[in-house]
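What follows is a single chain, given as structure tokens, in the form predicted alone.
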Amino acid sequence: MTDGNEQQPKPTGVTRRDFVKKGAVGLGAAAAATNINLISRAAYAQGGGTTLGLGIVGSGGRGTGAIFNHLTAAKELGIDVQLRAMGDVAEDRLSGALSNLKQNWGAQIDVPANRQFVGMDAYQGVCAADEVDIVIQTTPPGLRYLTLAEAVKNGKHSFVEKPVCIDSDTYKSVLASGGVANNKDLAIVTGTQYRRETSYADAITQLNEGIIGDVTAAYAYYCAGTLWHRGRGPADAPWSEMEYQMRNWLYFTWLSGDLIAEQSVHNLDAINWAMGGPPARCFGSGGRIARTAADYGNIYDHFSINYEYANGVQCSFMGRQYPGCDNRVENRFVGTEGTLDIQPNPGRTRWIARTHDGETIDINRGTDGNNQPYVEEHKALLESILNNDPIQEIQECADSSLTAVMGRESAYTGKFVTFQEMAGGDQRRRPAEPFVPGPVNQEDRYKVVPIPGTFAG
């Protein structure tokens, strides 16, 4: 971490639109691998309806929702897809999800007992299953580096929810997996759904085309209410510490990345999308005010971060989870000729551009074409596989995930943090593999609330 006393970065004279053309900043990694053949659209048609096999690791609410989204996308595209393998750390969650899916999708759910995998190593069984072509990965964020590495090792295409990393080490890991996927012609689509919503994409296009002139500042807000807590299990058979943390993963940094990564990464990703890459450095603060009980693990309940981009533009981020308060989920861009406000709402996102005098320049161009971004993600994945043009978007999601992580680390430590410092560092905020009950039972550091000025970066 830096101490903030070094010279401040100065504007370079490069406009934001020039900066966008340079592309995203990040570290790439590749590994030697054997190419595999994709199923082309022509081959799919000639095969008389060859069915693609789907597997999922992490069958909670988001995982079950992702299966619904994927099968809906396949139906709209006229592609046969069948869920053939499932994995979860908890048998009751897997069986409950499987029952729900069978009730809604019938014959498209074919997951016999020998393809139901339970435990911390369940991801290995799903990814190794010969019947599976695509693996949906909706584990807690801190485990997604493991599932992605296993999927590409086994030659599977991937849908990975956001965020995809929670520290420097997992950032490097997912980029290395991206390199393997490239060498094997495997698709990786991530869950940054704003990028696949008509109105949101239209707003960014308008911004890039100068609807408010050159961008001089940005704001990102993710101020929401509190989320669920699942307790400690049955009174007569309470969960082990590991199972407790896994079932309440939101509240532990090593599993969630904290709320700024787990929840707010969408809005930070939108800023990076508009700016053409991640920020150069940040400075922030945060803490616990509304959620102080030990049941809420070691995460914060609010963050305030100032991000600085290489071209001199700064973004102010505010995120919190408070009960009974007004909510605000929005991005704002300020330009030389006006402002652009985007209020995300999947399928119904609104945006409006105004002059500095408050006059409307334009509003919601493309509203009638709004789509369902959660479904569009899976359409894009399937189309890219069948067209022999696999999407590979791990870099953008990894960079935005690390943008959230660097903000968290600045708040935790009270220090300035740079992107390259995090991208090239060796920070590790999780127990060592293999994940067994021992590490989180014995090591208090995975339950300690960070105190700035005393917390190690």
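Small disclaimer: the values here were computed from a predicted structure and weren't measured. Heads up: residue numbers just count along the shown sequence, starting at 1.
Keep in mind the form predicted in complex with a small molecule is missing from the figure; the text below concerns it.
Although the partner is absent from the chain shown here, none of Gly55, Asp80 and Asp133 has a heavy atom within 4.5 Å of the small molecule in the predicted complex. The shortest heavy atom separation between Gly424 and the small molecule in the predicted complex exceeds 4.5 Å. Contact check for Met246: a non-hydrogen atom falls within 4.5 Å of the small molecule in the predicted complex.
Within this chain, Ala73 is remote from the site of the small molecule in the predicted complex, having no heavy atom within 4.5 Å. Although the partner is absent here, Arg230 sits close enough that one of its heavy atoms falls within 4.5 Å of the small molecule in the predicted complex. Shown without its partner, this chain lists Gly287, Gly96, Gly347, Gly119 as candidates; in the predicted complex, only Gly119 has a non-hydrogen atom within 4.5 angstroms of the small molecule. Interface residue among Asn182, Ser173, Thr138, Asn311 relative to the small molecule in the predicted complex, by the heavy atom within 4.5 Å criterion: Thr138. From the list 103-111, 278-286, 185-193, 301-309, the contact stretch for the small molecule in the predicted complex under a 4.5 Å heavy atom rule is 185-193.
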